[in-house]
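Shown here is one chain on its own, the form predicted alone, set out as structure tokens.
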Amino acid sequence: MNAEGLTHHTSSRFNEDLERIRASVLEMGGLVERQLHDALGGIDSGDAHVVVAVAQQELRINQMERSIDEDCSRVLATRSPAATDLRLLIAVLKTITDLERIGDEGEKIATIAAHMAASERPRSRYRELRHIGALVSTMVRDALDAFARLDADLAFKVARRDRTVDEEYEAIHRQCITFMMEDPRTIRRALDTMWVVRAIERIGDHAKNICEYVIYTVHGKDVRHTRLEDAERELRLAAAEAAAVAGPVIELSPAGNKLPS
């Protein structure tokens, strides 16, 4: 299913409302991506001034969340949407909440990056943080792409990546504990690293949530708190059963006769 299939109504005004809301979510998502890029870049570059820029972006993200929320409330009150359109609006309301929380985590990362910039940098230059940061940044981008195209297959693929992020998080967490035990002088830096990686891991969770909302919009199935493999298998079986009930498609000639296969 694509976005065009959700915005075809006899009311052109309704079409415009839905399209404007969808475009606003994508604009908000783009701002969140830039904020995350800047925050992670602050760790790599050691630039303490990045905090100011990220904080300004966070204010804009909060404003957009309120604006989109108001637009959705107005459409729900005046249009009484049903079926897929209702699911879309519910998904939008949930998605902007997760985007706003990604913004909160990005601001947290930038603040800690400022502390890191004031201390001695390790020889690795926080290579482990750059790696997990790149994984999560890609997750956010692809989750927004799945939302833009209402691509449930892509949403499933992106959501599954959260396991890799969780594994990276656990590995870095264990590494930091080891460093602190072996050399107490690394405690401050290790704690900063643990706070940053925790924020990055949470961003991955929010990206996964957005993917779950896409799946809900397309299939009408809530896959939260469900193994993704089980949900995907169930949806495929349901699609196969529906196709079997519908039977083969028979092509007819202009005269109404069955065409040869």
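Bear in mind that the values here come from a model prediction, so they are computed numbers and not experimental data. Quick note: we count residues from 1 along the sequence shown, nothing fancier.
In what follows, reference is made to the form predicted together with a further copy of the same chain, a form of this protein that is not presented.
Considering a further copy of the same chain in the predicted complex, the lone stretch of 159-167, 94-102, 128-136, 141-149 in range is 94-102 [heavy atom distance within 4.5 Å]. Interface residue among Leu235, Val51, Leu228, Met194 relative to a further copy of the same chain in the predicted complex, by the heavy atom within 4.5 Å criterion: Met194. When a further copy of the same chain is considered in the predicted complex, Glu65 lines it closely, a heavy atom lying within 4.5 Å. In the predicted complex, none of the heavy atoms of Ala118 sits within 4.5 Å of a heavy atom of a further copy of the same chain. Contact between Asn209 and a further copy of the same chain in the predicted complex is found at the 4.5 Å heavy atom cutoff.
Contact check for Ala114: no non-hydrogen atom falls within 4.5 Å of a further copy of the same chain in the predicted complex. Residues of 57-93 lying near a further copy of the same chain in the predicted complex, listed in sequence order, are Asn62, Glu65, Arg66, Asp69, Ser73, Leu76, Ala77, Ser80, Pro81, Leu86, Ile90, Leu93, the criterion being any heavy atom within 4.5 Å.
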